[in-house]
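Shown below, as structure tokens, is a lone chain in the form predicted alone; questions about how it binds or moves come after it.
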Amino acid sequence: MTSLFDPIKIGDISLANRIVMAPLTRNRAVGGIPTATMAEHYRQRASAGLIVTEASHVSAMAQGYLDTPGIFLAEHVEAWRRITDGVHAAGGKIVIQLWHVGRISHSSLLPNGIAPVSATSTPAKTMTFTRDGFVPVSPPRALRDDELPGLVAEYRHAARCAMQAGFDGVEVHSANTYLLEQFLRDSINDRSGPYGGSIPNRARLLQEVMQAVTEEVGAARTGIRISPMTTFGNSSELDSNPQALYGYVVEQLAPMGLAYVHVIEGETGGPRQPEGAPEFDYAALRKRFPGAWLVNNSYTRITGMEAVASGKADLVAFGRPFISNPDLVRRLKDNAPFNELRTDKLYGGDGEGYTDYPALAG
């Protein structure tokens, strides 16, 4: 019987176990540049089979929160290289999550204070984190069709930078109602033309991004994150037919030869069955994808072990447990207690509540 602690090869990446550190935004990249404290944080967690970094913006226009890291400048590459070198020296594997927030941003975070961009000009009903604290996001500008090739090129460039920085691969962030999902969902995408209307049209930008990224780094070093039922509290933003939409998306991804699909089951960080939402058949998605299947959302030691042993998943991602337990793999294997999470230290700051959580003795 396959175990959560068994090695696995996903695409071209060989992993020591099937425990994945999920991407966790921590807002500690000063001016978008990863720091030495971040390098220590990731090095401490290198026993994970795979680390997926915090989401990292692919351009200056892709940023949506204060002090999140980028992956498009030479300074980003140099700083991330110190992180990948540290993880590799500790025996780990690490991929970077490529991110464009779209309309989940604020003008104060963007070049010359301009408006965020999206599939739509309709503002999101949410907040973001700026120098003034949490504030409502700014109204977006709908991208023109002729701007989208440039957007795809930004993903390609970021993927190239990632490989220069020494990453083992990349994960394209197409979840949590950020830019790519803003194009996917008919509840958000209100455009006409080749990138709006039908499911194939709404999925066109994602397919073009995935094609560009896989051409740059190789499909066997590329993953993708999706979240069919995530709403972040705004259930009106679920697609009208999520099963059909994400079934189509996975069908289109299947022939690409990707290393893995990373699926958030239910509401990100919340219930697996959001209130008022239709039931979603995740198993039907998995049947359409021949590569590794990575599941995420509030898995425990027991449910994670069961998911792998039953064949429901090939890998399991853990988020918050990795924040307070740098040696989470050992704690899961030994059924050891977890450190208490300090929720007041999640976002911003220095090493406190970041690199000072103790590992087990011995």
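Treat the numbers as computed from the prediction; the structure is a model and nothing was measured. All residue numbers refer to positions in the sequence shown, first residue = 1.
Omitted from view is the form predicted together with P-hydroxybenzoic acid (PHB), to which the following refers.
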So in the predicted bound form, is P-hydroxybenzoic acid (PHB) close enough to R221 to count as touching (4.5 Å, heavy atoms)?
no
Quick one: is N176 in contact with P-hydroxybenzoic acid (PHB) in the predicted bound form, heavy atoms, 4.5 Å cut-off?
yes
Examine Y282 and determine whether its closest non-hydrogen atom to P-hydroxybenzoic acid (PHB) in the predicted bound form is within 4.5 angstroms.
no
Contact of F232 with P-hydroxybenzoic acid (PHB) in the predicted bound form (heavy atom, 4.5 Å):
yes
Using a 4.5 Å heavy atom cut-off, indicate which stretch of 176 to 184, 238 to 246, 157 to 165, 69 to 77 touches P-hydroxybenzoic acid (PHB) in the predicted bound form.
176 to 184
Scan 62 to 101 and write down, in order along the chain, each residue with a heavy atom lying within 4.5 Å of P-hydroxybenzoic acid (PHB) in the predicted bound form.
Y65, W99
